[in-house]
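One chain follows as C-alpha coordinates, the form predicted on its own.
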(Lines give C-alpha, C1' and ligand atoms only; values in the text may rest on other atoms or scores of the structure.)
Protein backbone atom coordinates (compact mmCIF):
# COMPACT_ATOMS: atom_id res chain seq x y z
CA UNK A 1 0.00 0.00 0.00
CA UNK A 2 1.55 3.34 -1.05
CA UNK A 3 0.07 5.16 1.96
CA UNK A 4 1.77 2.74 4.38
CA UNK A 5 5.07 3.05 2.49
CA UNK A 6 4.71 6.83 2.49
CA UNK A 7 4.01 6.91 6.24
CA UNK A 8 6.87 4.54 7.11
CA UNK A 9 9.32 6.51 4.91
CA UNK A 10 8.24 9.73 6.63
CA UNK A 11 8.53 8.15 10.10
CA UNK A 12 12.04 6.87 9.36
CA UNK A 13 13.11 10.28 8.09
CA UNK A 14 13.53 9.03 4.52
CA UNK A 15 11.70 11.85 2.76
CA UNK A 16 13.90 11.21 -0.29
CA UNK A 17 11.90 8.02 -0.92
CA UNK A 18 8.50 9.72 -0.95
CA UNK A 19 8.81 10.99 -4.54
CA UNK A 20 9.90 7.60 -5.85
CA UNK A 21 7.06 5.87 -3.97
CA UNK A 22 4.53 8.27 -5.49
CA UNK A 23 6.05 7.78 -8.96
CA UNK A 24 5.91 4.00 -8.60
CA UNK A 25 2.29 4.16 -7.47
CA UNK A 26 1.34 6.39 -10.43
CA UNK A 27 3.09 3.96 -12.81
CA UNK A 28 1.20 1.02 -11.33
CA UNK A 29 -2.13 2.86 -11.71
CA UNK A 30 -1.29 3.76 -15.32
CA UNK A 31 -0.35 0.15 -16.13
CA UNK A 32 -3.58 -1.03 -14.55
CA UNK A 33 -5.59 1.39 -16.72
CA UNK A 34 -3.71 0.24 -19.85
CA UNK A 35 -4.33 -3.44 -19.14
CA UNK A 36 -8.02 -2.76 -18.41
CA UNK A 37 -8.38 -0.82 -21.68
CA UNK A 38 -6.65 -3.64 -23.59
CA UNK A 39 -8.92 -6.29 -22.08
CA UNK A 40 -12.03 -4.21 -22.76
CA UNK A 41 -10.99 -3.71 -26.40
CA UNK A 42 -10.38 -7.44 -26.75
CA UNK A 43 -13.82 -8.14 -25.26
CA UNK A 44 -15.44 -5.79 -27.82
CA UNK A 45 -13.62 -7.59 -30.62
CA UNK A 46 -14.75 -10.99 -29.35
CA UNK A 47 -18.33 -9.69 -29.16
CA UNK A 48 -18.04 -8.49 -32.78
CA UNK A 49 -16.92 -12.00 -33.80
CA UNK A 50 -20.36 -13.34 -32.80
CA UNK A 51 -21.99 -10.92 -35.24
CA UNK A 52 -19.45 -11.57 -37.99
CA UNK A 53 -19.10 -15.37 -37.86
CA UNK A 54 -22.26 -16.47 -36.07
CA UNK A 55 -22.41 -18.83 -33.11
CA UNK A 56 -19.56 -21.07 -34.33
CA UNK A 57 -16.09 -19.55 -34.45
CA UNK A 58 -13.57 -20.73 -37.04
CA UNK A 59 -10.78 -22.87 -35.56
CA UNK A 60 -8.06 -20.36 -36.46
CA UNK A 61 -9.88 -17.61 -34.49
CA UNK A 62 -10.65 -19.86 -31.53
CA UNK A 63 -6.97 -20.93 -31.40
CA UNK A 64 -5.93 -17.36 -30.51
CA UNK A 65 -8.35 -17.07 -27.59
CA UNK A 66 -7.69 -18.07 -24.00
CA UNK A 67 -10.11 -20.29 -22.05
CA UNK A 68 -11.75 -17.32 -20.30
CA UNK A 69 -12.38 -15.59 -23.64
CA UNK A 70 -13.94 -18.74 -25.10
CA UNK A 71 -16.11 -19.00 -21.98
CA UNK A 72 -17.14 -15.32 -22.28
CA UNK A 73 -17.98 -15.83 -25.98
CA UNK A 74 -20.11 -18.84 -25.09
CA UNK A 75 -22.00 -16.89 -22.41
CA UNK A 76 -22.52 -13.94 -24.78
CA UNK A 77 -23.77 -16.34 -27.46
CA UNK A 78 -26.28 -17.86 -25.01
CA UNK A 79 -27.46 -14.44 -23.82
CA UNK A 80 -27.94 -13.21 -27.39
CA UNK A 81 -29.82 -16.40 -28.34
CA UNK A 82 -32.08 -16.03 -25.31
CA UNK A 83 -32.79 -12.41 -26.22
CA UNK A 84 -33.57 -13.30 -29.85
CA UNK A 85 -35.96 -16.07 -28.71
CA UNK A 86 -37.85 -13.52 -26.60
CA UNK A 87 -38.53 -11.31 -29.65
CA UNK A 88 -41.19 -11.71 -32.32
CA UNK A 89 -44.13 -12.84 -30.21
CA UNK A 90 -42.68 -16.14 -29.03
CA UNK A 91 -41.43 -17.22 -32.45
CA UNK A 92 -38.09 -15.53 -32.03
CA UNK A 93 -36.30 -13.17 -34.36
CA UNK A 94 -32.76 -13.57 -35.65
CA UNK A 95 -31.34 -10.05 -35.39
CA UNK A 96 -27.96 -11.19 -36.72
CA UNK A 97 -29.41 -11.60 -40.23
CA UNK A 98 -29.48 -8.80 -42.80
CA UNK A 99 -26.77 -6.68 -41.23
CA UNK A 100 -27.12 -4.43 -44.30
CA UNK A 101 -30.47 -3.76 -45.99
CA UNK A 102 -30.84 -6.18 -48.93
CA UNK A 103 -31.15 -4.90 -52.50
CA UNK A 104 -32.96 -8.08 -53.50
CA UNK A 105 -34.49 -11.00 -51.63
CA UNK A 106 -32.68 -13.65 -53.71
CA UNK A 107 -28.98 -13.81 -54.50
CA UNK A 108 -26.74 -15.99 -56.61
CA UNK A 109 -24.19 -17.92 -54.55
CA UNK A 110 -21.33 -20.31 -55.29
CA UNK A 111 -20.50 -23.13 -52.91
CA UNK A 112 -16.85 -23.02 -51.79
CA UNK A 113 -16.82 -26.43 -50.11
CA UNK A 114 -19.03 -29.50 -49.82
CA UNK A 115 -21.71 -28.79 -47.23
CA UNK A 116 -24.38 -31.36 -47.89
CA UNK A 117 -28.13 -30.86 -48.07
CA UNK A 118 -29.67 -27.45 -47.42
CA UNK A 119 -33.43 -26.95 -47.03
CA UNK A 120 -35.15 -23.68 -47.85
CA UNK A 121 -38.57 -22.46 -46.62
CA UNK A 122 -40.71 -24.07 -49.31
CA UNK A 123 -39.27 -27.51 -48.43
CA UNK A 124 -36.93 -27.69 -51.40
CA UNK A 125 -33.71 -29.49 -50.55
CA UNK A 126 -30.60 -28.30 -52.35
CA UNK A 127 -27.30 -30.17 -52.41
CA UNK A 128 -24.45 -27.76 -51.72
CA UNK A 129 -21.41 -29.22 -53.49
CA UNK A 130 -18.13 -27.46 -54.14
CA UNK A 131 -18.27 -25.04 -57.13
CA UNK A 132 -22.05 -25.43 -57.59
CA UNK A 133 -24.05 -22.22 -58.08
CA UNK A 134 -27.55 -21.55 -56.75
CA UNK A 135 -30.14 -18.76 -56.65
CA UNK A 136 -31.35 -18.73 -53.04
CA UNK A 137 -33.13 -16.50 -50.52
CA UNK A 138 -30.64 -14.02 -49.09
CA UNK A 139 -31.63 -14.53 -45.47
CA UNK A 140 -31.08 -18.30 -45.69
CA UNK A 141 -27.58 -17.83 -47.17
CA UNK A 142 -26.16 -15.02 -45.07
CA UNK A 143 -24.97 -17.26 -42.22
CA UNK A 144 -23.30 -19.71 -44.62
CA UNK A 145 -21.60 -16.81 -46.41
CA UNK A 146 -20.17 -15.59 -43.10
CA UNK A 147 -18.96 -19.11 -42.29
CA UNK A 148 -17.17 -19.36 -45.65
CA UNK A 149 -19.34 -22.15 -47.06
CA UNK A 150 -20.90 -19.93 -49.76
CA UNK A 151 -19.78 -16.80 -51.59
CA UNK A 152 -22.04 -14.18 -53.13
CA UNK A 153 -21.58 -14.18 -56.91
CA UNK A 154 -21.56 -10.64 -58.28
CA UNK A 155 -22.51 -10.87 -61.96
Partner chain sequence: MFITDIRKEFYDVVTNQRVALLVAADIDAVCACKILQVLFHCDQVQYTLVPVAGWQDLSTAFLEHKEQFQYFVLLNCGANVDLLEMLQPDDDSVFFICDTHRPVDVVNVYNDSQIKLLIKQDDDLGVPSYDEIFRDDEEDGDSGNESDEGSEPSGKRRRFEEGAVERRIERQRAKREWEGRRREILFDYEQYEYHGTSAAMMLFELAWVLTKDTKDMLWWAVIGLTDQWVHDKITHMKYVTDVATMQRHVSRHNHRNEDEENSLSIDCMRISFEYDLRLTLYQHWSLYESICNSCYTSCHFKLWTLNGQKKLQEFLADMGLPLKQVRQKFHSMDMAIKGNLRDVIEESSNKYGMKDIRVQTFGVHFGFKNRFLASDMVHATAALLESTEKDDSASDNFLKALDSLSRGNLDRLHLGIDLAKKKLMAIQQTVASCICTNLIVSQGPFLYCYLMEGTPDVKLFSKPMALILLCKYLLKAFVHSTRNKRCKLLPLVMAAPKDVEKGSVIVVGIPPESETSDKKNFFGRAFEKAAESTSSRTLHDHFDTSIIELKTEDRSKFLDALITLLS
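Think of the rigid core as the biggest set of C-alphas that the two forms share within 1.5 Å after superposition. Bear in mind the structure is a predicted one, so any value in this text is a computation, not a measurement. Positions refer to the first chain, counted from 1.
Unshown form predicted in complex with its partner chain; subsequent notes refer to it.
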| item | value |
| --- | --- |
| Heavy atom contact within 4.5 Å of its partner chain in the model of the complex, the stretch among 33-41, 48-56, 119-127, 87-95 | 119-127 |
| Selected contact from 26, 70, 105, 99, since only one has a non-hydrogen atom within 4.5 angstroms of its partner chain in the model of the complex | 105 |
| Contact flag, residue 134 vs its partner chain in the model of the complex, heavy atom cut 4.5 Å | yes |
| Residue 110 within 4.5 Å of its partner chain in the model of the complex, heavy atoms | yes |
| Threshold 2 Å Cα movement between this form and the one not shown at residue 52, rigid core reference | no |
| Rigid core fit then residue 116 CA moved by 2 Å or more between this form and the one not shown | yes |
| Distance direction in the model of the complex for the C-alpha atoms of residue 85 and residue 125, relative to the displayed form (3 angstroms or more) | farther |
| Inter-Cα distance between residue 116 and residue 60 in the model of the complex, nearer or further [3 Å or more] | closer |
